[in-house]
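In structure tokens, the next block holds one chain alone, the form predicted alone.
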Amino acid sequence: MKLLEDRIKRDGKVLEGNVLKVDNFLNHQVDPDLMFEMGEEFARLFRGEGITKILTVESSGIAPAILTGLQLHVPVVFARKHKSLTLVNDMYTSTVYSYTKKVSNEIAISKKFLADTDKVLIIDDFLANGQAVAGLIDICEQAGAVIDGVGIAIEKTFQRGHELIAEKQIRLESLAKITAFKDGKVVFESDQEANNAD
């Protein structure tokens, strides 16, 4: 998605350890217009698949998930990372390790919001090592829900996340695919494809 790639080139910052900071438009301050365009693109990619629920993890996946849910007219359910006094029993849970924060979180979704009759689309902001998506896949498997696909805003193709999803034979659609960070700049798969075509 060129719009997202252009925004990453303009406003993203490459930090040490292969970290891309996009907190001024995606995962701290959110650009609603960009989220709307991303939601439209995810909806275009997965429309007609019979999706009944969109799943994500709080908090960075919520904005693109909601805008996708708006386009597909289906509910959005987000896995909570922190225990709530109102969420005590009847939960599907999974443990997710965050490489950027160096911490493990238990994520949870209430059993009343996910059933074996659901066809699920998982949406998240980043795919790197794939732990958040793996946690959501685990929860879907516990519920017996069918995972129709995974939609990712920004994928780092040089990390393991893609392989984890491929091993499960789940369709993956990423709006911006990063193949490398070079000299403090982002290299997209689309850049390499354009260079190969020249």
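Quantities reported herein were computed from a predicted structural model and do not represent experimental measurements. Just count from 1 along the sequence shown to find any residue number.
Note that the form predicted in complex with a further copy of the same chain isn't included here; everything after this is about it.
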Checklist line | Partner proximity in the predicted complex: Asn27 to a further copy of the same chain, non-hydrogen atom cutoff 4.5 Å | finding: yes
Next item on the list: Spell out, yes or no, whether the shortest heavy atom distance between Ser98 and a further copy of the same chain in the predicted complex is within 4.5 Å.
Entry: no
Check: Taking heavy atoms and a 4.5 Å cut-off, does Gly144 contact a further copy of the same chain in the predicted complex?
Finding: no
Check: Should Ser110 be classed as touching a further copy of the same chain in the predicted complex when contacts are defined as heavy atoms within 4.5 Å?
Finding: yes
Note to self: If the criterion is a non-hydrogen atom within 4.5 angstroms, does every one of Ile8, Glu40 and Arg47 touch a further copy of the same chain in the predicted complex?
What the structure shows: no
Notebook entry, point to check: Heavy atom within 4.5 Å of a further copy of the same chain in the predicted complex: which residues of 32-65 qualify?
Noted result: Pro32, Asp33, Phe36, Lys53, Glu58, Ser59, Ser60, Ile62, Ala63
